[in-house]
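Have a look below at one chain only, the form predicted alone, in structure tokens format.
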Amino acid sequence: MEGFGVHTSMWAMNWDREGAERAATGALKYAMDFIEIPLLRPHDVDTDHTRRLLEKSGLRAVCSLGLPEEVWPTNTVEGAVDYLKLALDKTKALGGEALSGVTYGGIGQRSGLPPTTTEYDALASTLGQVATYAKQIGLLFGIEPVNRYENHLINTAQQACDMIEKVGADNIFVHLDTYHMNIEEKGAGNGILDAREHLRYIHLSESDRGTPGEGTCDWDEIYATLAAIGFKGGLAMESFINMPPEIAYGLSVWRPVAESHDEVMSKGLPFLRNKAKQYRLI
């Protein structure tokens, strides 16, 4: 999971054949090293088609998801484990390197109360079983802290690290996101420092999820801290332009964050790449 990549929501959130081909074409146009594929409906993914696309294009892939309510670990550990194993099987079959995202719950999951020991025990049981399975099939498995409005369980880098330590598996990594960090961390640099031992992947997303460089994220602080810890993982640009209603609801996105994916890619991508080069991350 090294290099510069892009979340394929830039072109398609539904990973059907048409969406996959559109995303691969777009990623190649902008010379990305890898793509992040959303597994919102893992049962429906045509892995053979995606694997052929990746092989033809020379792109590497990481997959991500958030769990549907019927298989949240806090509701059913067994159901969550089975669902995540399916997603891992799909990731492996299409040629991906890792599965990450809100692997511990749902986007929009909130109890209305602080997390409980019982909830964290359910998460640890789920993640431990799934990490073991991921290791058996040669994949890495990630945890992405998200902001308090999207989930109440893991919001900060430190919470993600605490969960990894609780699970004790060596193939689980922290997956940070600058959008969420802009809300939850006491400075993005502190979040990166907290996660340094486990950090393998980061979403580069602006404070409004729009065009990087046009919001309030402190990109110099972010890149300088990544450089200071010797970060060698994946740098993935993320901006949500095309979203199905259920994801827009979970993310609480009620208006366009940019005029088009072309605007984000033509302005935001050069900005992020130049910063990465400035700090010798690529």
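None of these values were measured; they are calculated from a predicted model. The first residue of the shown sequence is 1; numbering continues from there.
The discussion below concerns the form predicted together with a further copy of the same chain, not included here.
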Query raised in the report: Mind checking whether each of T126, G138 and N171 has a heavy atom within 4.5 Å of a further copy of the same chain in the predicted bound form?
Result: no
Requested in this report: Just one of 112-120, 127-135, 163-171, 82-90 has residues with a heavy atom within 4.5 Å of a further copy of the same chain in the predicted bound form, so point it out.
Outcome: 112-120
Report task. Answer for D33 alone: is it within 4.5 Å of a further copy of the same chain in the predicted bound form, judged on heavy atom distances? Result -> no
**Report entry** V71: touches a further copy of the same chain in the predicted bound form, heavy atom cutoff 4.5 angstroms
**Finding:** no
Query raised in the report: Is the gap between E185 and a further copy of the same chain in the predicted bound form 4.5 Å or less for some heavy atom pair?
Result: yes
**Report entry** Contact flag, R209 vs a further copy of the same chain in the predicted bound form, heavy atom cut 4.5 Å
**Finding:** yes
Query - Contacts with a further copy of the same chain in the predicted bound form - residues in 251-282 whose heavy atoms fall within 4.5 Å - result: L251, S252, V253, W254, R255, V257, K267, F271, N274, K275, Q278, Y279, R280
